[in-house]
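Consider the single chain below, provided in structure tokens and representing the form predicted alone.
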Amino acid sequence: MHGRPRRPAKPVDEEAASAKAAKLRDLQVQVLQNHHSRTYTKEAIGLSFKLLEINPEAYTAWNYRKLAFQHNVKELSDPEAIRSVVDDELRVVEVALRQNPKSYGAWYHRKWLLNQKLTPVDSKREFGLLDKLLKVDARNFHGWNYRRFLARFMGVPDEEELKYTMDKIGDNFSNYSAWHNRSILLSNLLIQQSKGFESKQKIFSEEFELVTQALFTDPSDQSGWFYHLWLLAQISTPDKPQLIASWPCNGAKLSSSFIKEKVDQNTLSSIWCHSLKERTVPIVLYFNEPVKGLNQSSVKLKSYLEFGKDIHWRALSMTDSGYSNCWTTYLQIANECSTSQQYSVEVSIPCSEDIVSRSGSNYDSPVHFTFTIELISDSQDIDLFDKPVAWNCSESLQSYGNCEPIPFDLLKITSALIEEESNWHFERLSEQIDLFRELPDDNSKFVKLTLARLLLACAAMKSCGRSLIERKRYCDEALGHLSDLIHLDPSHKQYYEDERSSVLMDKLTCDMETFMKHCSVQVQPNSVPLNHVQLHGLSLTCVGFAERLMWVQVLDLSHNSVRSVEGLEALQQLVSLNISNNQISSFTALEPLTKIMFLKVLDLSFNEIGAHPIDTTRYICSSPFSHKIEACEAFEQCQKKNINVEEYWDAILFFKSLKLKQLDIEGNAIASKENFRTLVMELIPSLKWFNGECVN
């Protein structure tokens, strides 16, 4: 870890190892028997000690000792007797730690004992134990974790612990755990505005100077580079969450249909919204960092429209943490209209203690925006999918007549850039860039990666006017470093490729002039105008800056190297998506698409789905044998059609959530497997076109 090579394993005495294993098995059997029979005699507890002395990772033995301790201590009333029992248990932990200083079970057992609060804690003994262990291995993160616990438990000020980290870093710049603990302590002190920690400029200037000394002392050591990355994050991101984009955007006018004459005359003033055909409007809010706590109180809606259901905000996230950058709600419109009518919808997000970031910061950047919904009573009912959608990547993008995509400047609500003290932040970043350019080791991956991150942080602060030229210059230099890293450090190639893709997306979408080369309004015969973005053949491996694409209705990502579509869940307007000829290897990599309610056309052709006999990404998503009712129903539905659920469980979980009209999946290994077509037909009854053929 962190640049330290593993030590070669010592030669094993087979006979001694065999005897030790036999003794271990015998002890395990006896301890389990005592555990099941709830035998807590002195002899039985002694057997558990012998087992832990040999194998401190025997978790059942630790749990048994907890139960035995609780059972026996209830019978004691003499404080000295209780102290004796606690001391005996602490000594057992110390014996186990001599055997394995990184035993999870041993460290947890010691915390558990102290939390019982049966006797006063001997702080000298506890900190003395830590000093001995950290002298043996100064980077033992278990020991550092216990030290944080102990400091909180004993009420030791963070300032004192910060001095301790400085002592350890002074002893050895390579002490990753000390750097990590320092970042935790500094975060706490700055949030609390403790005495001497009121000025972030002063503190971070000193910390940059400290870590720079470490990096120039030994540029090949990872510890300082990780701390530098943490410092960079502190000065290049806002302190509190901000809303950076929304859909609908401020001033947008959505229509449930269109008037053909207006399309022909190029006088469209509204955006056709497919979801309005189902009397639904998605509202999407995108924050600069993951937040939680969006509800009817923290996000206020005002309109004369009647909403059929209670407004419920949900996180568009692939995890169940409750935090997400992107949140959505679906307005169910209940109004009946006999004539064409327009309704304004006002969205307000005041300062709120409900909306909280992962770091615990509250939202305090009030935002208000308004959009209009046009309901047309006698609108022409258009079937978008009467014919299959054809993708032609060779055609240059041209908008229909004079129709232009949505004005780019309407997409931004606020900027996630640091405004207060921004000059200081930019100057500090520029100093760091100049400094690392002077490092003699031009082929150090740490130098190149840090330079790339510094350059991108500077680019993020250059967002308008002449600054865009500087922004692109920073991005270009960062792209050069990332390209070098792909060759210098092939074991992390995919990470660097994803970082490069994110920078490419930033360059493409950061200003209107550049982005509009990839955008158009397309109108198919007898159809409606759709906002189209073409990003094919750009060597993208992932999709970044999705908040700038939330207005897109047709997206072409074909002929790239995309491995994951994470981020596209924010595109709730998306109707058609082409991700053919990419490197999608499983249906779990497509999970974000299940959150796009109105996706109708999906081209997955010529990817790698089903091509890998062992595909570990399949097991990232939740187990197919979960107790979710809808999952069970889909499995039962497929079993009735003699479909192998164990083989296709991820495909079932994916397709059951879609309401597609057109699907293309030829050129994937899975498409030729038995019963796959039957599975698709069974789970997507709305499908009209499959691999270019009409489905009855």
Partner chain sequence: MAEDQAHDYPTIEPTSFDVVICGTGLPESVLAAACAAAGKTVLHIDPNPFYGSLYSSVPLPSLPSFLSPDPSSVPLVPSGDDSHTVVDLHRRNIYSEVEIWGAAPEPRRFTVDMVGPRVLYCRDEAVDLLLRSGGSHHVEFKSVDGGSSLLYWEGQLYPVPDSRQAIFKNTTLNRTEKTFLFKLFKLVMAHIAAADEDGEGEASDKISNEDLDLPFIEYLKKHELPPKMIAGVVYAIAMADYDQNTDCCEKLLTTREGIKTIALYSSSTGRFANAPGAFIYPMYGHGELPQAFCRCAAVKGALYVLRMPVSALLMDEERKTCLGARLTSGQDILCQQLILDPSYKVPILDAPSDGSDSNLLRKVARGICIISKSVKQDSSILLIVFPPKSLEEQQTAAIRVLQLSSNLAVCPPGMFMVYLSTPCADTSTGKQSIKKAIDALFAPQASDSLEGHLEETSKNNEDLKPAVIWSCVYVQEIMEGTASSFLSCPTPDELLDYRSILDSSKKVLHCMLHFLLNVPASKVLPQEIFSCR
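Residue numbers count along the first chain shown, from 1. Since this is a predicted model, take the numbers as computed values, not measurements.
Same protein, other form: the form predicted together with the partner chain, not shown, and the subject of what follows.
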Using a 4.5 Å heavy atom cut-off, which stretch among 240-248, 556-564, 163-171, 121-129 contacts the partner chain in the predicted complex?
163-171
None of M461, L535, L133, L210 but one has a heavy atom within 4.5 Å of the partner chain in the predicted complex; the exception is L210
Tell me, out of D158, D506, D221, E591, which residue has a non-hydrogen atom within 4.5 angstroms of the partner chain in the predicted complex.
D221
Would you classify F216 as touching the partner chain in the predicted complex, given a 4.5 Å non-hydrogen atom cut-off?
yes
Applying a 4.5 Å heavy atom distance criterion, does E80 contact the partner chain in the predicted complex?
no
Answer yes if any heavy atom of L435 is within 4.5 Å of a heavy atom of the partner chain in the predicted complex; otherwise answer no.
yes
At the 4.5 Å heavy atom threshold, is L229 in contact with the partner chain in the predicted complex?
no
Let me know which residues along 636-662 have a heavy atom within 4.5 Å of the partner chain in the predicted complex, or say none if there are none.
none
